[in-house]
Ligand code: GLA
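The chain that follows stands alone, in the form predicted alone, written as C-alpha cells.
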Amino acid sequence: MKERIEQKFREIFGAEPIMYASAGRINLIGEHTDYNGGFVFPGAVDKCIMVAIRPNGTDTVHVYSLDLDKRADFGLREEDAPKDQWARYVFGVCRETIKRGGKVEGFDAVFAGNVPLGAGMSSSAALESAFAYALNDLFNDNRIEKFELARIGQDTEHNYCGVNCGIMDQFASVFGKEGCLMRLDCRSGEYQYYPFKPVGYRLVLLDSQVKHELVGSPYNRRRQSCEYVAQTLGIETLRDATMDDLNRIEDKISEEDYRRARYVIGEKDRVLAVCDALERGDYETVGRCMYETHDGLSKDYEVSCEELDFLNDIARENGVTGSRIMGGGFGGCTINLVKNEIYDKFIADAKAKFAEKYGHEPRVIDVVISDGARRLD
C-alpha cells in the first residue's frame, strides 16, 4: 500500500512525499461510555490510513483519495470548506489545528487505507489522526501535544462531519502501542497501558457487512438520552451515577431513557472488571463481561441488529470465550475472544450459518494490536 500511495503522489504532484500513518482501532469493552465520562479499553490495530504529503508553498490544499479516485482542492479559511464529505475530514483537521493557534500552510497529499469500512474500526478517526500528526510534524515542530491531536480529530467530527462523537476513537489512533490495550478515563484524560498478549487466544472480528451511517442518526439521540438522565440526577455525566441513583428517579424519566442509562452504568463497571481480570490473566471473566455488554447494547441501548445478534448467538453455541457487537452500532462487526483450539470450527460455522441465512459470508478480520499515529521511515 505504501508503494502504491507514493507512486500516485509522484504521478500527480511530481515530487517525493513524506509518509505518515495512523491506525484503526478495536475496543475490547467500554462502548458508548466515552461521551458519558466513563472508561474505555481500546487498542490500535494493524490496519491503517496512510498519507503521502508535502508542503507546496501556497495557501491551497490539494488532496487525492486513492481509494475513492477523487480529488479535492480547497483553501484554509472557513468559507473554503469542500462539499465532499471525505474531504471535509481533511479540511476539518486543518481548521481545528489553526483554531488552536497551530500553523497550517498549503500542501499536496494522497491517502489510502486498509481499515475495513463499516466494521466499526474507525477509519475516519484514523484519517483525522494521520493528518493531524502530519500537520503537527510538518508545520509545528510537534509542539501540539498528542492528546490535543486526538481532540482535533474529535472536533473535526463535531464541527465539520456532523457526528457528536466521544474521544475514544481518536485517542486510540493517536496513542496506540504495539501489544498493549489502553484504559482511558474519558473524563480526566488519564490513561494506562495494559499488555495484551493472551496466550492461547485470538482476537477476530466478524464483519456482518451491514453498513451503518452515524451522521444525523440514532447515535445522537442516544447521547441525548444519557445527557437528560444525568441532568435529572443533577450530575455532569453518567460516570457519577450508580444503579441506586437511577432507580431513585425511574418514575421521572421515560422507560427508554432508563434502559439507556442502565446500560451505560453497567458498562462503566464492566470496563474496570475487565482491567482487573486481565491483570490476573482471567480471560473467562473478560469473556463473560463481553457477552454482558452485547446483551446490554442489544436490549437496553438498542444499537445492535439482527445480523449481529445472530453472530453473537453462533459464538455462544461454539463456546467462544467472549463476543459482542463493537463500535457505534447499527451494523458493523462483532469482536470475539476465541481459544485457539476452537478457532477454525467457529469461523467455519459462522461463515456457513450466516451465508445460509443472509446470502453472504461475514468478512473475517484477524487483528493484531499495533502502533498508532506515526511518521514512516
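Since this is a predicted model, take the numbers as computed values, not measurements. Numbering starts at 1 and follows the sequence shown.
Not on display, but discussed next: the form predicted in complex with the ligand.
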For a quick test of understanding: in the predicted bound form, does each of Asp34, Tyr219 and Gly327 have a heavy atom within 4.5 Å of the ligand? yes
Want to guess which of 310-318, 344-352, 34-42, 62-70 is within 4.5 Å of the ligand in the predicted bound form, heavy atoms only? 34-42
With a 4.5 Å heavy atom cut-off, would you call Leu138 a contact of the ligand in the predicted bound form? no
In the predicted bound form, does Cys165 have a heavy atom within 4.5 Å of the ligand? yes
Interface membership of Gly332, the ligand in the predicted bound form, 4.5 Å heavy atom rule: no
Under a 4.5 Å heavy atom criterion, is Gly30 part of the interface with the ligand in the predicted bound form? yes
